[in-house]
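Okay, so here's just one chain, in structure tokens, the form predicted alone.
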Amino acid sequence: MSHFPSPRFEDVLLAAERIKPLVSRTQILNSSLLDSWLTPEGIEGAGHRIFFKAECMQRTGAFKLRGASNVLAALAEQGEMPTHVVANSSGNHAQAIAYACQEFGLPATIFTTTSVSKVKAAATEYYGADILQFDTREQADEAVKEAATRSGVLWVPPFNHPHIIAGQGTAAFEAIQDIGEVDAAVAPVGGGGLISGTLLAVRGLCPNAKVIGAEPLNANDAAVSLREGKIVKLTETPQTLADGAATPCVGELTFPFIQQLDDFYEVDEVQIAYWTQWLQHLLKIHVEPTSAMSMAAVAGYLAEQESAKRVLVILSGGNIDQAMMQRIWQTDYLTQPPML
């Protein structure tokens, strides 16, 4: 994928117009109680405000529909539509490709692992895609590469593509249009597509705002890559509640954007479960652990501030199956209210 040009803010603007009829303009949520809990005494100003862009309410339950729709819509503009689409995904990208292909009347095949979330797999099949499962992520990745060599077949990667990155950036773009300027924006990091697009959108609209990434400590390839100054791939399949961020490595296109982030947090499993429970309780919506993980970074950022800040959080998705819900709620963390 290294032959692709790096996307720019202008590409986010184009994507926003291109996908407008294909995606939902999701809600902005806020919890005044959470704001008050995370505003310490003596802070200058009226208090912190945290705004949640609820991509869990997107048509496929996650932000991934934005990038997938942008890829196909851009090809349609150019008159270069494929005859078949293939993709490798742990779930949300799979649903997005299946849904987008259904909209454009294209057949799709998804290459994934046997550990894929059952609810995400069921939705992918409901949208009309075929699913091929493999024992490991590496096997699925190799199989999709082979399939992409066939005539007329287009491989849409989950994050390492300029139209994917630009499409994902429309979530932050819409949010800032709706709420105005922010002091910081926070998003989860898996392969890096969402955080890269978020960086583009925020830098274009709020040049002085901080852009912060959050990643599972148990799947911290991006953090290790930042420390090493080069892309480092995980050697084993990570075990984390934040399955949407369990990618083996970031992409050649996304890593330079990750290197531009103002801060980066590695979040342990207790914090991931804790914030998933609290966001579900406070916002009254289904929130994936990958989404909730960002709140650990928000709390870390706010703890260092001396004046009131406006923070945008991209809630990346809300597709959770029963097994994951049981893991999240093994321990009840609602007895411990959030505080700095």
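One-based numbering along the sequence shown. Please read all numbers here as calculations on a predicted model, not as lab measurements.
Not pictured, yet referred to below: the form predicted together with another copy of the chain.
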In this chain shown alone, the residue from 231, 205, 261, 119 with a heavy atom within 4.5 Å of another copy of the chain in the predicted bound form is 119
Given 43-51, 284-292, 297-305, 267-275, the stretch touching another copy of the chain in the predicted bound form at heavy atoms within 4.5 Å is 284-292
Quick one: does residue 104 come within 4.5 Å of another copy of the chain in the predicted bound form, counting heavy atoms only?
no
- Message: Is residue 320 near another copy of the chain? Define near as a heavy atom within 4.5 Å, in the predicted bound form.
- Response: yes
Original post:
Even though another copy of the chain is not shown here, does residue 56 get within 4.5 Å of it in the predicted bound form, heavy atoms only?
Top reply: yes
### Query
Taking 4.5 angstroms as the cut-off for heavy atoms, does residue 39 touch another copy of the chain in the predicted bound form?
no
Another copy of the chain is absent from this chain, but in the predicted bound form, do 131, 136 and 140 each have a non-hydrogen atom within 4.5 Å of it? no
In sequence order, the residues of 17-34 that place a heavy atom within 4.5 Å of another copy of the chain in the predicted bound form are 27, 29, 32, 33
